[in-house]
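Shown below, as C-alpha cells, is a lone chain in the form predicted alone; questions about how it binds or moves come after it.
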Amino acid sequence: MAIWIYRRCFAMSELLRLEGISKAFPAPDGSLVHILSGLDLSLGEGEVVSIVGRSGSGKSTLLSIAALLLSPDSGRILYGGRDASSLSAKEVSSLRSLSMGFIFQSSVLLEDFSALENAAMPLLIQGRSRRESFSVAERLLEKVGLSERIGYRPRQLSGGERQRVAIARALSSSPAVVFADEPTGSLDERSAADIETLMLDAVRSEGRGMIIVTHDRDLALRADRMLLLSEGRLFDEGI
C-alpha cells in the first residue's frame, strides 16, 4: 500500500518542497556554524533545477537534506505533499529506494559487477526479477550509448563511460527525483559536456525531476532554473 501511495503522490505536478529548512553544525570552539537558514525550495514534475554557490556554502548539505539522508534542525520536507517527518524509518527507506536516483562526482560502481549488473542493481535490491531488471538496465545503457559495453566491468571502462553507467543506474528504478552532486566534476571538459547532454536528455525524456549541485556554471545554465545558495538562502539567478 505504501508503494502505491508514493507513486500516486508523484503523479502530482509538485514533486518536492522544502519549507523553512535550517541546519547548523558545531564549530571547534563550541559555537554553531549556521549553514542553511530558513531555506525554501520546490521542484516540479519534469523540472531540472541547478544550485550553485561558493565552496562551503552548504550545497551538498542541502542535497543530503532534500534526499532525506540528513535531518534538518527545523523546517519541513514534503514529497508529493506528504511531510517526510510523518514517515517511519522503513517508509523513508522505501521512498528513497523507489522514488529517488543519485548521481555523484565519482560513479561509485561495484567493481566486481558488469555495467549491466551495476545499472540493474537498484531493481535487484528491490526484489525485481533478474530478467526484468536486466531488461530495464539494458535499455537504459543503450540510451546512454553503452550497448556494446554492457558486459564490461568498471575497470574496463573510461571515466566518462563509468559515469554513463551511473546515470543508467540512477534512472533504472524510474525515480521521481534524481539528485546529482557535481556529476561531471571528475571529467575532462569534452567528456563532461557529453555526459551533461546525456544526463539531462535522459532525465527529461523520462519525465523526472532533477536537482543538480555544481560549480560548473555552464552545466547550471542548462537547467530550467538556476539558484544561488548564499548565506543559507536560495536566490533565483535567472537563465
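Counting begins at 1, following the sequence as shown. Just so we're clear, the structure is a prediction, and the values are computed from it rather than from any experiment.
What comes next is about the form predicted in complex with a small molecule, which is not displayed.
Remark: of stretches 203-211, 172-180, 52-60, 39-47, the one touching the small molecule in the predicted bound form is 52-60 (heavy atom within 4.5 Å). The candidate spot formed by 22, 185 and 217 lies out of contact with the small molecule in the predicted bound form, as no residue has a heavy atom within 4.5 Å of it. For the chain shown alone, residue 30 is not a contact residue for the small molecule in the predicted bound form, no non-hydrogen atom being within 4.5 angstroms. The small molecule is not drawn, but in the predicted bound form it has a heavy atom within 4.5 Å of residue 105. Heavy atoms of residue 195 never reach within 4.5 Å of the small molecule in the predicted bound form, leaving it off the interface.
Mapping the unseen interface onto this chain, residue 35 counts among the residues with a heavy atom inside 4.5 Å of the small molecule in the predicted bound form.
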